[in-house]
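To begin, one chain is listed below as structure tokens, in the form predicted alone.
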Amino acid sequence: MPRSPRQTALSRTRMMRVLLESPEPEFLLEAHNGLSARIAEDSGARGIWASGLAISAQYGVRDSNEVSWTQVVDMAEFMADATTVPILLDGDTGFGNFNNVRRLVRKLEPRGISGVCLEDKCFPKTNSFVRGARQPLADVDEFCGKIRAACDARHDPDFCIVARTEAFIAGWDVTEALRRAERYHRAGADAILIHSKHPEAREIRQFAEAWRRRGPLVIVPTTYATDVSAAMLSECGINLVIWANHLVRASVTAMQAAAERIISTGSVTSIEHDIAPIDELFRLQAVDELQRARQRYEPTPHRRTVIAVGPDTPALPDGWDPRWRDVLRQRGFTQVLRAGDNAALFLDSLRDDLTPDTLLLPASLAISAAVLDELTASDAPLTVVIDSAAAGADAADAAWCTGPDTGAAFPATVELRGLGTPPGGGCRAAHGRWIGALMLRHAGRRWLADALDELRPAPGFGQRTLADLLTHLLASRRVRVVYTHGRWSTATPAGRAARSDAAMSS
């Protein structure tokens, strides 16, 4: 569900502040990428904890600042794009000093993140639950400077700064935890996260009782989850509870089980009924939204039509080489219609089937792909192909134009002036021969329809040929010329046998 973070940042930061200041306990659910964030929101979570441990794990590295702060910010942005609920980012120690902290805040706000939690450890941090690891704490004054820097860096006053004290994790007593929390609170922190890895909630209870609701209180009951109840949370004045790593741990279990079954059985058959269907992935990825957006924003592809003019032409003329049909399909000509010898009569019946681009060809003709590309590239309403190799021809298809074929790479625009007989009754040599190809674009379809209406009352309408229609149009319309020099061939069985492969090349 793509959205602009700048449009939703204010509303989501306000939502996070409401959760932090709620008189009744609220909950955040851990997520570590866009997919898990979407799943968390779908489950009913009112907010998301972008866990440093979980984000590190999904990258396959340790939770010791081995993931760069830019990678963390990028991942948080994906999470924000996939959801509508507020996200509180686990900012570890702030990835450096006060300057790094304020840069972090400035990067998070426009990406739709609602707040950041900073902990009072030394950089690089060590995860709180690593057994036996030394857990030194930051100097209180230095950490207070980070908090003030974070508060000053935010543009949105609702962007939440949560100060996390690791006093219990480092082995200090409740007195030190309270001392640090009070200093952080006075430095401007919007809430205090008191952390403990004790298997019971004893330390949390002691702290909460002494804290006396001086400000919002956040806990992460990973090790003491069984000692947490609704009554206990209300009694202690806990505002926000973070379930900090459970989705990533659940995904590890599921992936390990699936991988083992696939490898042991050599098949995926045994797990298909236990895993999400592909359609569920598509739903979580909001594929349907993209389909709707395509319908709204992408231009509708123009269908192109070929009308084969000539005798005995079925829906796909048997006289056309299969390679020629492929050339047409590759260029969007998906509809092939038939018009018999009496072109005017058949075209009159097909006028409603004409598409924005319509190519009229004799059924016995298959021009080269190169000539077809030149023809379809013309933006004129009506364009014809003239073979200059037959210049001077004295025939019904002899063509007189406004200029000769110069062979230039970028020739000047040339138009057709006469067909069959020289314009104005002159007798100078023709510029070439019309090969029977006619391309209608834009207003050209209307021109053809008007010509048919004008010719219908005249005797012999049913015997009018394509050349007759073109000659009639020349009296009032400008017809563009595309020159070729022998690069075309017929598609009759005999012609197909004689044609070179080069004529079909693209």
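Note that the coordinates shown come from a computational prediction; the quantities given were computed from them, not determined experimentally. Don't overthink the numbering: it's just position in the shown sequence, from 1.
The protein also exists as the form predicted in complex with a small molecule; that form is not presented, and the subsequent description refers to it.
In the predicted complex, at least one heavy atom of Gly52 sits within 4.5 Å of the small molecule. Proximity of Arg180 to the small molecule in the predicted complex falls outside the 4.5 Å heavy atom cutoff. Looking at Val220, you'd find a heavy atom of it within 4.5 angstroms of the small molecule in the predicted complex. Among residues of the shown chain, Ser128 is one whose heavy atoms approach the small molecule to within 4.5 Å in the predicted complex. Remark: all three candidate residues (Asp63, Asp90 and Arg164) come within 4.5 Å of the small molecule in the predicted complex, counting heavy atoms only.
Comparing 261-269, 120-128, 206-214, 291-299 against the small molecule in the predicted complex, the single stretch with non-hydrogen atoms within 4.5 angstroms of it is 120-128. Only one of the listed residues (Ala244, Leu419, Ala82, Ile194) places a non-hydrogen atom within 4.5 angstroms of the small molecule in the predicted complex, and that residue is Ala244.
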